[in-house]
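This document opens with one chain alone, in structure tokens, the form predicted on its own.
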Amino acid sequence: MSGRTRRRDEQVSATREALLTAAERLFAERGMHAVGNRQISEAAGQGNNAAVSYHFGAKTDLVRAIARRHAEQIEVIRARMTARIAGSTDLRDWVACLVRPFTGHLDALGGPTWYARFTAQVMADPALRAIMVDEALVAAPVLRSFRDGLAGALAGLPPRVRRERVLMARHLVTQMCAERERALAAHAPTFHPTWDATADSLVEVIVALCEAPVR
């Protein structure tokens, strides 16, 4: 590869990263439908307003690229955790596998972060929510192992109730992480001093939610 080609590739990669970061921040702060390509290009320092379309295509492709950027790293953490607790029937172990990959990834990103708020925005949009689900399925073996382990720990619940409570738990993780992220961005008080302490609280609450009586 020539020096010129390498520099061009590095420039393209840097432009893509700048666009992804700008789009993630704007989507998180303003919502998915309040942000256009022009605003993203300007926030990324790109004079060409067609930069987003050139590098990513449609908005759905841009959202997918942002989701993939994070999902792969989150699933690496989850894979490590599920390998350590393989065969466990302790509910707390599997709830931690739901919570800690997300909070741990946000912690590793440093500050400021926007991914929790971005996720909350995407999950509220039926058309875009499918993208997040698809990206999670990239790590299908890890996801299958996690789902099987959690189902085993919740074997005493009727299937319908189990599905409902897992859905509640996922929403709780997303929304509470988004709340913490929003407070950090505004330099406002947070419920917990660290992401690790936030995870501890979420695990306790979700275990209690899953163990609540069925009436």
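Note that residue numbering begins at 1 and tracks the sequence as displayed. No experiment lies behind these values; they were computed from the predicted model shown.
There is another form of this protein, the form predicted together with another copy of the chain, and it is not shown here; the text below is about that form.
In terms of non-hydrogen atoms within 4.5 angstroms, which of the given stretches 60 to 68, 47 to 55, 174 to 182, 142 to 150 touches another copy of the chain in the model of the complex?
After filtering at 4.5 Å, what remains is 174 to 182.
Of A120, A79, A96, I85, which residue is found within 4.5 angstroms of another copy of the chain in the model of the complex when only non-hydrogen atoms are counted?
That would be A120.
Among R16, R38 and G110, does every residue place a heavy atom within 4.5 Å of another copy of the chain in the model of the complex?
Not one of the three qualifies.
Contact with another copy of the chain in the model of the complex for A22, defined as at least one heavy atom pair within 4.5 Å: yes or no?
No, A22 is distant from the partner.
Hey, in the model of the complex, is L167 touching another copy of the chain, heavy atoms inside 4.5 Å?
Result yes; L167 sits at the interface with another copy of the chain in the model of the complex.
Is the gap between S201 and another copy of the chain in the model of the complex 4.5 Å or less for some heavy atom pair?
Taking the distances in the model of the complex, the answer for S201 is yes, it comes within 4.5 Å of another copy of the chain.
Give a yes or no for E42: in the model of the complex, does one of its heavy atoms lie within 4.5 Å of a heavy atom belonging to another copy of the chain?
Judged by the heavy-atom cut-off of 4.5 Å, E42 is well away from another copy of the chain in the model of the complex.
Relative to another copy of the chain in the model of the complex, which residues of 27 to 42 have a heavy atom no more than 4.5 Å away?
Residues within 4.5 Å: F27, A28, E29, R30, G31, H33.
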